[in-house]
Structures are given as C-alpha cells and as structure tokens.
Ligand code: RIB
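Only one chain is given next, in structure tokens, and it is the form predicted on its own.
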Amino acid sequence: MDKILVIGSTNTDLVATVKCFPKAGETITGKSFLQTMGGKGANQALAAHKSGGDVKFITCLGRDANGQNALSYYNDQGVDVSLSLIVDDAPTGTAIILVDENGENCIVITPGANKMLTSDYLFKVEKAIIESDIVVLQMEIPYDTVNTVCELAHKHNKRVMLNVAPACHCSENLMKKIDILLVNETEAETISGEKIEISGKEAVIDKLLAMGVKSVVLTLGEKGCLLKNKEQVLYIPAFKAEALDTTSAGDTFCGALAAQLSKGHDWKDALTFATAASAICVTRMGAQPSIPSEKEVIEFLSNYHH
C-alpha cells in the first residue's frame, strides 16, 4: 500500500442548524448546535485514514485548548500528526458553520495557526515527503506553502493530489506539478477562466489539462463526478442520498479517493468508492463525525447494487 501524506488545515468547527440563513442585521434562533473537529486538511486526512489508507498528517495548531483537543483527537483516531507545528502566537483555526434545513451550508473561517504553516517549516520536514507516495493538499494554508510542497514532491517523483478549495487562481508552473487536480465546477472555472455553462464541462477540463495537470476529477455534487486524462474519460453518477449536512462531502470524497488509489484500485473503482463515501457523509451532521469507515462504504455499495 502506498503511503499518503496530507498537508493542510485544522479547524474547530462550531455548527448551528437553522431553518434558513439569517439576513443582514437579523437575529434568528438555531435548531441545534454541535462542536466538532474540521478543516479541509484534517477532514481529508481522517477520510483517507478511515477509508483504509496509511496516512500521515502535517498541520499547524495553536498552543490553546482547541489545539490540544485536536492533537488528542487525532491520536485517538490513529492519525499520525507527530510532525505537526505548534505555535504560540496564533490560535487554532476555527470555522463557524450554519446548515439550513436543505442541508446547504455557509461558512466563516478564521485561519489562525493555519496561516503559520510556512514553506520554511515544510523544508524542515522534507523527509516526510520523501517517505510518502501520494501527497494531498488543499488551499486553506498559504499558497506559497502549497507551491513549495508541490515542488518538493515533484522533485522526489511523488504523486500530488491538489484540491483547489477554497477556489483560487493557480499558476501554470504549479499546475504542471499536479498529478490529480480535484475541483468542483466553481473551482474549475476560477482556474481555467472558462464558464462551464458556455464552454461545457469537457472543454473546461481540457483547458486544465492543457495547463499541465495529468488528470482532472471534476465533482458535480448530486450529479456525480467526471474524470478526464490522456487515457480515458469516465463519468460516475452520484448515489441518491437525503442530504442533512453537506459540509465535508468534498473532503470525504478527496480523502477516500486518495486511499483507494493508494491501495492500487483503478479509477472506476476508486471514484465509485469515493462517491459512495460522500453520499453517506451528507446524511450525517458535522464535518468529521460524518465521515464513514471503509467497512461502511463497502456495505453501502453492496446493499445499493443489490
């Protein structure tokens, strides 16, 4: 099995469910409240771990109660965070999340210590990149850090999976170092400068491939996902699920996909597994509590096809 190194953010999530989102200046009453672990990096690391991957996670935490809770939680979950950076001059990241009765969410992220995960620190732990096989990244840490990690991984011939979330512009120099670019429609449009409504999905993906990416996985929400590279075009439809909270569906998909690819599964099987994992995820509340285990996904697929 290939080793997965996830480098990215950790947040403490404060989740409130509401009937509908408040308007400017409006005070509303929430239906429920939940405090959980989150952050795109952490979500993807845990998803990869729970999907059967051999995972190491590098993040940056404040030396505060939230940071201590996060370390304790990851250790309890069996995720190796031994190389994570602990800082005194920034709090652990937080996310305030509102979830409406349709399962849609709006999120306010305060990065805190996530912004302190710098290139200088990644150079110090370059050995972790050398010892990995697949490096997984997102955009809740500094862009310069992501660029540095991609350069180091490329130098050591490691596969790089980049989830460009939140959406941002990426240089062609960065794109050329990406083996798997995982984006939703908004992120694909931001990077390519093309509108899917005008050009079509495959044309936008072709633009991304022309920038140097080896494979593009375009997630389409309730419509599934689309993979394209030089060898194949593959569409995987979504599984029907009643959405309760979509907060970490994309992260669950990304981590599950990395785990299945690390175990040698082909694209079709890996994408089907990841799609099923995200379908289970949206039926549960909270970012990390909603992430299913490998056994749960296998049972879901068995029962669904049956």
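Predicted model, so just to flag it, every value in this text is computed and none were measured. Sequential numbering from 1, following the sequence displayed.
Form predicted together with this ligand: not shown, discussed below.
Residue heavy atoms within 4.5 Å of this ligand in the predicted complex occur in exactly one stretch of 25-33, 255-263, 40-48, 269-277, and that stretch is 40-48. Residue I97 is the only one of I97, C225, M116, I129 with a heavy atom lying within 4.5 Å of this ligand in the predicted complex. Between this ligand and the residues M139, I109, L71, L209, the one pair within 4.5 Å by heavy atoms in the predicted complex involves I109. Proximity to this ligand in the predicted complex holds for all of N11, T247 and A287, with the criterion being a heavy atom within 4.5 Å.
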